[in-house]
Ligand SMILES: O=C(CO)[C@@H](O)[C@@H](O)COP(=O)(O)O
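In structure tokens, one chain follows: the form predicted alone.
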Amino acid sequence: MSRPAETLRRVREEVNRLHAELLRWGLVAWTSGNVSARVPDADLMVIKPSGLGYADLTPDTMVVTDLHGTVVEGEHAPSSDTASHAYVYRAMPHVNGIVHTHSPYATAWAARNEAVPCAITAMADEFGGEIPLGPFALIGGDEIGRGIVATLSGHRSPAVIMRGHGVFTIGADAQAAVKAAVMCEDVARTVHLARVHGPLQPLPEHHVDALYERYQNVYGQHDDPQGARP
């Protein structure tokens, strides 16, 4: 098997595996939602097929397209969000994974046309501030992708809530984008529950900056024993 074929197989397997994570975390229903990943060293991406149930997904059902959404490999039509994913990959070279969900609490904020304010430390850690609200756009072309890029360019958040629609997240890889989608729903739920009981108090900006810096650069495990961090 050639190296490009091996790479495609690996990315298809990863994208298929990550769709199961959307189900596991309760972020999708029926056939909604999708994960895509950029193929390393190629102007290609792998994305979920349109309208297939999650139980029917396999690595072989994943669709390979170029970065303009043209199918290169696969027996199924790609997701209706393909053109928007492709636009994001073209416009944001650092993005290698994209996720879309209609997770209930985050989408409730989208239905109210509201950003999620940064009122808890978990939001500061992961998103570096509020989860912003993007513009309304119809499905099918690249308009959603344009809105994602316009909203997230220069923003620390890897998630955007698209007005009247749902959540899109980006990441350095597809797994990071899935994590952002999981965390987006988690904090959207918490902040919603807090608001039910009274006015929210957003965190001061200097605390948000400090929390974000620590989480992104100190928190977790690190390979270098000289730079071991708590």
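Just so it is clear, the model here is predicted, and its values are computed rather than measured. Start at 1 with the first residue shown and count on from there.
The protein also exists as the form predicted in complex with the ligand; that form is not presented, and the subsequent description refers to it.
- Scanning Gln201, Ser32, Thr70, Thr58 against the ligand in the predicted complex with a 4.5 Å heavy atom cut-off leaves one residue, Ser32.
- This chain is displayed alone, yet in the predicted complex one of Arg146, Arg156, His102, His76 has a heavy atom within 4.5 Å of the ligand; that residue is His102.
- Heavy atoms within 4.5 Å of the ligand in the predicted complex belong, among the stretches 182-190, 61-69, 201-209, 48-56, to residues of 48-56.
- When the ligand is considered in the predicted complex, His165 lines it closely, a heavy atom lying within 4.5 Å.
- Using a 4.5 angstroms limit between non-hydrogen atoms, Ala108 is distant from the ligand in the predicted complex.
- Residue contact check for Asn113: none of its heavy atoms lie within 4.5 Å of the ligand in the predicted complex.
- Using a 4.5 angstroms threshold between heavy atoms, Ile139 counts as touching the ligand in the predicted complex.
- In the predicted complex, Ser79, Ser80, Asp81 are the residues of 76-90 with at least one heavy atom within 4.5 Å of the ligand, listed from first to last.
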